[in-house]
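This document starts with one chain, in the form predicted on its own, laid out as structure tokens.
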Amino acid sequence: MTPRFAATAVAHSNIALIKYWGKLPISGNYPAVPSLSLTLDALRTRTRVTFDSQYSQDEFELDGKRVLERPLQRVSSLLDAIRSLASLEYFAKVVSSNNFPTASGLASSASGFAALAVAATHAAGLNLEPAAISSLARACSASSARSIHGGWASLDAGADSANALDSGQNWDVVLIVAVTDPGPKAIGSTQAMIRCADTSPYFAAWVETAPVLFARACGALHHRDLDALGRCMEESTWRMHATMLTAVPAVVYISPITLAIINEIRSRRSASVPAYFTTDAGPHVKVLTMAEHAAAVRSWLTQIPGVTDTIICKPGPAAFVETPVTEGHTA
């Protein structure tokens, strides 16, 4: 029997309410600004990693299709770090699937690399703390560092790993995803961030003001102040997109449907039905509200032409291993 090590892990997407956008100008993939996120129970990635002596190179399959070039290189980069830690020489086969649109602005890379980090470390026989797994994931996808944790999480500027802030179980909020165009975005987030940092006259102001907004949002979360948190979230959204729209050439993820949804939320929200929007590197809109108002807000969204689906998300769990660590293990 050839040596074989395998594990399956599940991780959930997270949406940054206070945005991560931009990297420090140093090696290592460190965020330039602090971010605050909510891990979502309804959006998940399941990933199986098998290290086996029979493989002559790493293989990556996503949603039933073999993946090559840069996406495979990013996966191999994380696997290389884990192989080094475990003194393991075998290549791996990675089979991953999402239950939501991939690479369309719903943070599939966050859940994807978090699931990969958890599955691969366990398959390699490493018993690492969440902070160490978060660090491994961050080196490939900064937002994935937060998906290691459930509920509310933060990733400080220049931080090596994300912090778990709150499980989210004692505050009955939901984030409703209004899906518009499920197709892949025209420009990836990493490339877009680099363009914004290099060419947007507003990027420096974004980096300078982001920590203050982050601190306000964390205070609002601590006090369970939905209105304060929602307004911080919207400020962060517009400031992030300001750097995109003023890049050269401009990075435009917002579509007419995106704006229609935002206008609907702004016009309909009230003290009796509070609702706040955010949007990321994609056309979809996410709406923060209390669970008791989810049905009402969802009805607003479904009436907007161009909204193809709505997904009600509660605070989700931390990434976890789904199957035994090893199969057919030979020392």
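Don't overthink the numbering: it's just position in the shown sequence, from 1. Since the structure is predicted, the reported quantities are computational estimates derived from the model, not experimental observations.
Just so you know, the form predicted together with a small molecule exists too; it's not on screen, but the next bit is about it.
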{"query": "Heavy atom of Ala142 within 4.5 Å of the small molecule in the predicted bound form", "finding": "yes"}
{"query": "The small molecule contact at Thr180 in the predicted bound form, heavy atom, 4.5 Å", "finding": "no"}
{"query": "The small molecule contact at Arg146 in the predicted bound form, heavy atom, 4.5 Å", "finding": "yes"}
{"query": "Contact flag, Ala281 vs the small molecule in the predicted bound form, heavy atom cut 4.5 Å", "finding": "yes"}
{"query": "Heavy atom within 4.5 Å of the small molecule in the predicted bound form - the one residue of Val174, Val75, Met240, Ile82 that qualifies", "finding": "Met240"}
{"query": "Contact residue in the predicted bound form, chosen from Met193, Ile261, Val251, Val94 - any heavy atom within 4.5 Å of the small molecule", "finding": "Met193"}
{"query": "Segment that reaches the small molecule in the predicted bound form - one of 65-73, 273-281, 299-307, 51-59, heavy atoms within 4.5 Å", "finding": "273-281"}
{"query": "Contact test, all of Ala16, Trp21 and Ser189, partner the small molecule in the predicted bound form, heavy atom 4.5 Å", "finding": "yes"}
